[in-house]
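Next up: just one chain, as structure tokens, the form predicted alone.
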């Protein structure tokens, strides 16, 4: 039976999509499912879980979301893991690794009764990865869901983490290129955005104008926007360089760098200071450090922008790319990771490798408004077909069926 929440998604994604979800979830009703990550606020993983878990419950699945906690040094260690998995050489002393394992052991004491009874456990990223070995009486299937590009990791760190990952029943990556050789099945599930969230719903024009006025943005002048955490892999300094190059062609150009931090990312403040120093006294560079719940503000900024930029040097997926495309904006993105999956070069935006590339594509789009608008229409349609939450939920349900009913009778899906 379709609930009010599912009916709301049907209006956006289509009745057939929601009917498919109901059929897929029918054999899973009552199943105990637990998702575990390291933060409830900030970052794409938290945003996805905030909607994915309630939707599973709407479909009759007993789904829960648990968050591990730790001290500042724990998050410094796990941030180093994140950087190392994306290729940066890092030195992790034995004391940091002991703290990492001890913190997980303390969290396991609290979570063990829930995790050991669950039918399926999803462990997100490296922070809680030791929990499986700390739950010896587990009865269900355990999945490591990696949202990071680990295609070329710093080998000593990957070797250490791989010692935990190999015991899992399966792993999930966002792209095939992100994966590593592992002794268990691997699945591909791309992330998604929630079209009904505060960050993605349609907004009245007066609200968009009010947000522009609050941050002293001129809606009559072209605007470049990058929304992301203040993280070196997002290359905010490169975005500033790109803007300065583009401004020689488009003197009235404005740049907005909007973002915030996550509770499991201790480097954000240092990067923000670097960005502020690079911006200097330029009145057309607007650096906005926003709270984690500023979803409508980000929504309004994305709708006010002419072009969305995501000049990442490394990127797991890049949900801010998806969000910008959903608002009908062409995206100029770094030619890396999950951005490649979304930005179809010359169709939904442009892929670039340098600040010069960003500047040249910016000049082209602002001087060819018809092409800018055409790309924006294609971008929104591409997201509707591939990157909405309903598609990710469908893939997630199919994975759960594959893990828990591998030897059962074939499941037949009937068209509604």
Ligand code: UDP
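None of these values were measured; they are calculated from a predicted model. Numbering follows the first chain given and starts at 1.
We do not show the form predicted together with the ligand, though everything after this point is about it.
This chain is displayed alone, yet in the predicted complex one of 244, 295, 133, 139 has a heavy atom within 4.5 Å of the ligand; that residue is 295. The contact residue chosen from 330, 126, 259, 337 relative to the ligand in the predicted complex is 259, the criterion being a non-hydrogen atom within 4.5 angstroms. The stretch from 105 to 113, 207 to 215, 278 to 286, 315 to 323 that comes within 4.5 Å of the ligand in the predicted complex, counting heavy atoms only, is 315 to 323. In the predicted complex, the ligand lies farther than 4.5 Å from every heavy atom of residue 254. The shortest heavy atom separation between residue 43 and the ligand in the predicted complex is within 4.5 Å. The closest non-hydrogen atom of residue 227 lies within 4.5 Å of the ligand in the predicted complex. At a distance threshold of 4.5 angstroms between non-hydrogen atoms, residue 311 is out of contact with the ligand in the predicted complex. Residues of 174 to 213 placing a heavy atom within 4.5 Å of the ligand in the predicted complex: 199 alone.
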